[in-house]
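Shown here is one chain on its own, the form predicted alone, set out as structure tokens.
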Amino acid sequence: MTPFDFSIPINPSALTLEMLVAALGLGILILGIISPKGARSGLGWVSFLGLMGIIGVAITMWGQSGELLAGMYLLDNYALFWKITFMVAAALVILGNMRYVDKVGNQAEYYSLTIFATLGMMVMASAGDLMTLYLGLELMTIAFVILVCLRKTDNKSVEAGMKYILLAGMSSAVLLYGLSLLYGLTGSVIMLDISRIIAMQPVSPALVLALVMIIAGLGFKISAVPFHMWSPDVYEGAPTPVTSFLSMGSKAASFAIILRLFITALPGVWENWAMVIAILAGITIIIGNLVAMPQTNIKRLLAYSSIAQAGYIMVGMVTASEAGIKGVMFYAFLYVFATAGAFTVAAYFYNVTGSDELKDYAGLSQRSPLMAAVMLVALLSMAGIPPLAGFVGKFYLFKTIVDGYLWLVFIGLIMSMVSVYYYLRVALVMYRDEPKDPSPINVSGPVTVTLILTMLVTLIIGIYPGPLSEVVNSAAHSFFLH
């Protein structure tokens, strides 16, 4: 039996969610073409409600398992958890930024590309072979390239798009070469087959080179140091809703395939590289936090903060255990809500004031108490302050490495305290300084719903993490059942 034997029985339920998301993306694009210009503002609601309906379908599929074409495409709780996470991220970004997108224009293109980027992430989460993994990754990347330069008349946006496509193309080439080396060494693209073949072979220089190139290619996607150079400029230049989705969705999808690829296809080899990943995680945490300290632009500050957050999530990959996978998934889910809250505030503030500079946030607590409160809760959660969700997430991550990598735990704790400095600097500007323009900022209905939802989820998961912990346990356990 080969992976290309099309006589293999196909389980169509493995593609149910992907077909629904693809149909939604195409439908939004067609509606944008046939609807009059004045009616296109409603496309945001169609996109949001469509995604919420598909999330409902995904929840009903919990517990199902199956595969397509002898393991090329997998359906399990692990993949379902990530797919729900991606769709929740996309729904939050769409709901919280309708006014911003209406102001920029290109509503149909923005919403459809956001949905197609989500589709790419979903394909990545279920990929059971190298080709499917790469196709999902490229679908996501191409959609993001267009989204980054959506503001065609803005020099910063166009510059960010050019930088992103050049560096993304380079990283994709490196990753593809690493995957091709892996195929050449094993003669298979199916991850489970690769793991069996690699287990019977000695570690060769070609395998080491393949692993280095794969780590470099995927390190770009998660903004791990030293592959992070693109993040600050692209995050600053891209439209803020795109920056938000790029920060949380792209990172989460990349971690989903990193776990699937290395722990499924290269379990024995990966154990020998645990120290390398631990060192990369430590450096990423340190560099991300230290460089964030002097930033005066809120988007660049959040960009370097997201680099540090990637370092924290990498901690869960070090042990490659069920507990480590649980920590990665738990933290990625709560990171979606904290990031969505912070970037929704930044996007709406820019929409009103035309500024991303930190000094212009002076007195935000007087102009919009809700926006200031949500920004504060989101930042303190990312810093790991109890009783917010970030504290529980970091506890789960660092608990897995206490026995063998205590030095990394200390780095994480120290840098978390450092991060409190620059997060509280934002809080001081919002709550202590007097506003230059005292006029109140009236928050629209969809933005209000998004802000309240992200703040409540961040607080509730921190106080009562049990239900999410059980869901993540089930998803992490299903990962090892193939």
Partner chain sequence: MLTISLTHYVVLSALLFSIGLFGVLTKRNAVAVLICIELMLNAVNINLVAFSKYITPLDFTGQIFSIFVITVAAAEVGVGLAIIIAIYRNRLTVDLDNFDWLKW
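Residue numbers count along the first chain shown, from 1. Computed from a predicted model, the values in this text were never measured in an experiment.
Omitted from view is the form predicted together with the partner chain, to which the following refers.
Since the partner isn't included here, can you check whether the partner chain sits close to all of M162, Y177 and V189 in the predicted complex (heavy atom within 4.5 Å for each)? Verified in the predicted complex; spot residues all in contact, yes.
Might G217 be said to contact the partner chain in the predicted complex, defining contact as any heavy atom within 4.5 Å? No, no contact at 4.5 Å.
Residue-level contact is defined here as any heavy atom of the residue lying within 4.5 Å of the partner chain in the predicted complex; does R300 satisfy this criterion? Yes, R300 is a contact residue.
Using 4.5 Å between non-hydrogen atoms, is K156 touching the partner chain in the predicted complex? Result yes; K156 sits at the interface with the partner chain in the predicted complex.
How about I146 - does it come within 4.5 Å of the partner chain in the predicted complex, if we only consider non-hydrogen atoms? Answer yes; at least one heavy atom of I146 falls within 4.5 Å of the partner chain in the predicted complex.
From the candidate stretches 74-82, 88-96, 126-134, 325-333, select the single one in contact with the partner chain in the predicted complex, where contact means a heavy atom within 4.5 Å. Checking each option against the 4.5 Å cut-off leaves 126-134.
The partner chain: the contacting residue among E109, D193, E236, D360 in the predicted complex [heavy atom, 4.5 Å]: Of the candidates E109, D193, E236, D360, E236 is the one lying within 4.5 Å of the partner chain in the predicted complex.
Looking at V276, V409, L166, A199 here, can you tell me which has any non-hydrogen atom within 4.5 angstroms of the partner chain in the predicted complex? It is L166.
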